[in-house]
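Read the single chain below, which is given as structure tokens and is the form predicted on its own.
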Amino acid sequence: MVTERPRESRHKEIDAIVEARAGGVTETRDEADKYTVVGAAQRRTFANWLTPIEEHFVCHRNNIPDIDADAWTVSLTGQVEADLLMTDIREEYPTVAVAHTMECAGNGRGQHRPETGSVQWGFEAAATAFWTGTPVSSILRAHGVDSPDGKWLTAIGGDPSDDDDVFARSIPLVKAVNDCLLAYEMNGEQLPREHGYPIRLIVPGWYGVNNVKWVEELRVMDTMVVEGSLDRPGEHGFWQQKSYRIHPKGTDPDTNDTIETIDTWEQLEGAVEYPYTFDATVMSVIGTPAGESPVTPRSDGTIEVRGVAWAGDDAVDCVEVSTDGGETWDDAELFGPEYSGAWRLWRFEWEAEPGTHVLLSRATDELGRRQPARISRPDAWRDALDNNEFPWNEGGYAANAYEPNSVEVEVEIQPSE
């Protein structure tokens, strides 16, 4: 059984990342003292479309494996058999780049009351980068996988566990061949060790847990990973079937071989009893002003409020901004790059008056699903969405409430000369 035991190397690893990133990231509290976690240190990260590596969050549970990239092999197993060296992956298949907003499924966990365990993220565990690598579709089709319908792809990480578990995550094969890739570069640079060097699965628009680092095996299956699915010792299904499931306190979710509804929000609405965390729910964050110091309007009396919004596999339809703590709302303008699976920039010209103001943003996706206001109490569960709340859940997953992400801004008017 997987346990959350402290990892001795965690703090040294975090210190090294923070030092190398020159203040772009900061450590986030991990109650179990197990995960290596750093998130964006400042709100301004969320005022820009592309996130520098220096400001990109990091989260992983196990130690980074000892890596010899020249000898690293990705095995294709299950309904296909092959072993691919890194040179094979780089040189024998097409190279593509995709923009992907990666968000930790636990982003917002620290906003749950009562508090849940593990990493106490606020909103800092989200980022957008360009990832370069080989399309999963090119590799699988070259090895005889023609029809993805009804099948699953399980990615297995090569990070060693000090427990009896294997880090394995399954995604529908349809998604894998549609837009996923095995990435070896990030923002035009060699993939950093903490981001999965030498190779990582990238699943555009889906929570970070599905983007398996240090990939050593891709297994084509008729089901999601369950106990006994893999040709190796250890516990196979924990990270798919137990952890990263959305459920009330004290619930032990049933194992599913497969599910018909992948969309996380549809699952929350009742399509799956205890939802899996696949595509990200609709979300927005204000990047500027950051509230760290007073701001002064421009000569025309306005202040630009700018941020980002994303919605997993779905497009962002609109973003609204409130400058009075949620009493009234105005439409923001979407602008800048528009890529499937990546966030949109938005801006709002605020005619600001002197004083203290509470700014909020809320996004709505193309299916009409809007961020709820707050996280519910634990006993609300399925009724939460109907009450403009996100359901409190034991793992603290997929939270997208807008009130916890408010920013208090002091507006000052410069005296005329």
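Residue numbers run from 1 along the displayed sequence. In this text, all values refer to a predicted model and were calculated from it rather than measured experimentally.
What comes next is about the form predicted in complex with a small molecule, which does not appear here.
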| property | result |
| --- | --- |
| Contact assignment for the small molecule in the predicted bound form, among 375, 359, 58, 352, heavy atom within 4.5 Å | 58 |
| Among the candidates 152, 197, 244, 346, the residue which, in the predicted bound form, approaches the small molecule to within 4.5 Å (heavy atoms) | 244 |
| Option from 201-209, 313-321, 278-286, 142-150 whose residues, in the predicted bound form, bring a heavy atom within 4.5 Å of the small molecule | 201-209 |
| Interface membership of residue 213, the small molecule in the predicted bound form, 4.5 Å heavy atom rule | yes |
| 4.5 angstroms heavy atom contact with the small molecule in the predicted bound form for residue 133 | no |
| In the predicted bound form, residue 183 touching the small molecule (heavy atom, 4.5 Å) | no |
| 4.5 Å heavy atom contact, residue 102 and the small molecule in the predicted bound form | yes |
